[in-house]
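Heads up, the chain below is alone and in the form predicted on its own; it's given as structure tokens.
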């Protein structure tokens, strides 16, 4: 009898404890739900702005790629005619080849240049701020102004480069007038104008490399080039990978240099894909073909980015 009397309060206590725990769990769920709801409400303006100015233009461009339109009168659906038209254009292959040539030259010249410059600047003990300022200065100059400045440098008659080479009996060189040298001239200007940002990123990444690694390499007798090869470059691999992807995407979309420098000439040697899109839209009025080629370019960039990230996944893990 006494045992039964002691079990009843114990069961009552257990049920009471279970009810308290269940109530606490419901309270936590309600708090989490309220937090999620508040976060969702706060994100609504961002969703609206992002959708209106980012996703809607993409969707609108995709729709136009299947239409014939002058953006004023009602559009007419034409199916895949715009895609057939751009694939039948003999200039498309030329533009794609020129774009790949620009990308290849930019990777060969423009990609290692900021890394080498940053490695040299990281060893400077005095006036480092001045060097960083000078390295970044071209970035703050408007792109069109930079191109016009270099257009004077390349001038075959009174340009700076031919004047300098003339001092040692060389030239004059047809920098922008020859199909053989026009694309290289564009790449040189593009490298000068854009490498300042990459230099600062590399310098910031180098600051994070532990000094003990360099001290250990020095104690093993490693010179400056071995320290760069065995310490600096492995530590910068994630940064190098990110900047390489960004450069690939930006160089494939090159437009300002060929448009302002040469207008695609001479002999269409600097016509790029983006310049061809511009011609479709604003010279020929073929907005549907411009949208179709833009859509194909976006797919190519997405595939390239996915393949690149897949291939370099181990870099980010190391």
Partner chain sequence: MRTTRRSALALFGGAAVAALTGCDSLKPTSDGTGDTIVLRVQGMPPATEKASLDQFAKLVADFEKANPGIKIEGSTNVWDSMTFSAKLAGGSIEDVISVPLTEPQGLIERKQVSSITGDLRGWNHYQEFNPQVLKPISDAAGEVYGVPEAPFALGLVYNRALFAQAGLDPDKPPTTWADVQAYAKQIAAKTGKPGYVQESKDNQGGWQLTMITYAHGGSMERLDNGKYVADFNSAPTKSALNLLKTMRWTDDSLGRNLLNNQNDVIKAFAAGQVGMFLGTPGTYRLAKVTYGMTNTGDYGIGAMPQAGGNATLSGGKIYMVPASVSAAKRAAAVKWLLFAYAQPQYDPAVAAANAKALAADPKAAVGVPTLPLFNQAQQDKITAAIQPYVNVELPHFAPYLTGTPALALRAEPAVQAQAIYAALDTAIQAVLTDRNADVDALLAKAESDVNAKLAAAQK
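On a predicted model such as this, the values are computed, not experimentally measured, just so you know. Residue numbers count along the first chain shown, from 1.
Just so it is clear, the following notes concern the form predicted together with the partner chain, a form of the same protein that is not shown.
Shown here without its partner, the chain carries 262, 278 and 284, all of which come within 4.5 Å of the partner chain in the model of the complex through at least one heavy atom. In the model of the complex, the partner chain sits within 4.5 Å of a heavy atom of residue 90. Contact check for residue 57: no non-hydrogen atom falls within 4.5 Å of the partner chain in the model of the complex.
Heavy atoms of residue 41 reach within 4.5 Å of the partner chain in the model of the complex, making it an interface residue. In the model of the complex, the partner chain lies farther than 4.5 Å from every heavy atom of residue 32. This chain appears without its partner; in the model of the complex, the one residue of 144, 130, 204, 71 with a heavy atom within 4.5 Å of the partner chain is 71.
Shown without its partner, this chain lists 176, 198, 121, 106 as candidates; in the model of the complex, only 176 has a non-hydrogen atom within 4.5 angstroms of the partner chain. With the partner left out here, the partner chain still marks one of 71-79, 190-198, 136-144, 223-231 in the model of the complex; by a 4.5 Å heavy atom cut-off that stretch is 71-79. Residues are counted as partner-facing when one of their heavy atoms sits within 4.5 Å of the partner chain in the model of the complex; in 100-131 not one qualifies.
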